[in-house]
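A single chain, nothing else alongside it, follows as structure tokens in the form predicted alone.
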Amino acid sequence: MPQPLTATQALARLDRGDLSAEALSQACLDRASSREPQVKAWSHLDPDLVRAQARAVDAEGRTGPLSGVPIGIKDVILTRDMPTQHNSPLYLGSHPQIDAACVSLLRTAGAVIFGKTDTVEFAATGRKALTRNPHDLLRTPGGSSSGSAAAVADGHVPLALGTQTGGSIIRPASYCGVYGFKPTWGLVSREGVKPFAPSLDTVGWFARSAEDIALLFDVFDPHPPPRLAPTFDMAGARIGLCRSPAWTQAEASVQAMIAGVTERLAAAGAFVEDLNLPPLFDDLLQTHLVVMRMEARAAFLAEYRRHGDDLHPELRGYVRACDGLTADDLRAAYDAAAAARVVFDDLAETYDAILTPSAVGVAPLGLEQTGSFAFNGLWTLLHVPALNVPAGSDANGLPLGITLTGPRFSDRRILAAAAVLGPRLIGARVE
């Protein structure tokens, strides 16, 4: 199979006139059709609707920055012309006929809304997606944005939306070997996205290049800067290596990968130093869990009151406070998170980027568990941008990833760093 086009490559050909939007969408449909029986990335895909959107773009001409580019939408995000089912039997066949704000922005930008990608139930817990990892069909693609990561990795679409409350973008991106971006919390509207923990929930996206991640960020940024700024120069760059409180959970392949990446950066002229977080951060993984579980009580209360025991037992457990958490616990967690955000911003501001693992290892075998988000929850709680950059593979060819992060609202700086760093890591192998 020819290497599938990235969104940036496809747009260049669309601009030259040697590729039509319909031909691009048909190529994506052909790829999805051939692979979907194995990968199972989609909960809803209507080829006729995809072709109709693409033909409309060809008839109207390119009117937006994404005109003609197919994009998948995680199935917890409302779409007016497709069902939104949350991978829950409670919403089977549900069709609200309204777009989430993020989908509306994509339509205005000319994107072809390709279909709905499978997800862990409510992007929370309960039923797992049917999706398999394209690199090894016996392994999980990660969750909860399972279908979005796999669809991009397997070449069904160049872009896909996901959401992250714990590690639901970064971890699947690492497992599937693609770029995955969780922007600074609050930068992208969550209107029309099923809530799980509103002070953590973040809309993000997957792509096969750093340029494509930045391309989509422009669509969601109310005031995008000139495309040439900011820049990142590897020579003399200051990189903070943050192993984080979860480092003891990192498997040998991840520890070796981090060592290799550090050596490559240093050889390219970057100055890499350890960033050791102060004791304030030691318990933040637990703090993240407190916030997530307590806010989930309100998020799923309506389903619980309406459906009772038909709601998945794990979700019922959130609402029933089976974990024993109290309002005092939540207040303390909010205070700890707020204090840590200020401290981390100050620490991170002195670096051009912070580097940290994206996952504890490669994608685990099986589909019942989507992997640990031990290396992700901290950054979600801190509200900072986080970008998975594919960092090569282990001895068996399974993808590994690193996360680039920084202070809140340093998104552009992180994207610029990834555009320079990413190509240096292609093909790296951890033995």
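Numbers follow the displayed sequence, beginning with 1. All values reported here derive from a predicted model rather than from experimental measurement.
Below: the form predicted in complex with another copy of the chain, not depicted.
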item: 4.5 Å heavy atom contact with another copy of the chain in the predicted bound form for all of R139, G155 and R264; value: no
item: Location of another copy of the chain contact in the predicted bound form, chosen stretch of 213 to 221, 253 to 261, 233 to 241, 175 to 183 [non-hydrogen atom, 4.5 Å]; value: 213 to 221
item: Distance check, K194 to another copy of the chain in the predicted bound form, heavy atom within 4.5 Å; value: yes
item: Interface membership of R408, another copy of the chain in the predicted bound form, 4.5 Å heavy atom rule; value: yes
item: 4.5 Å heavy atom contact, Q286 and another copy of the chain in the predicted bound form; value: no
item: Distance check, T108 to another copy of the chain in the predicted bound form, heavy atom within 4.5 Å; value: yes
item: Position in contact with another copy of the chain when the complex is considered in the predicted bound form, options M294, I113, L315, M82, heavy atoms within 4.5 Å; value: M294
item: Selected contact from L92, L280, A302, A268, since only one has a non-hydrogen atom within 4.5 angstroms of another copy of the chain in the predicted bound form; value: A302
item: Residues from 333 to 355 in contact with another copy of the chain (non-hydrogen atom within 4.5 Å) in the predicted bound form; value: Y334, D335, A338, V342, D345, E349
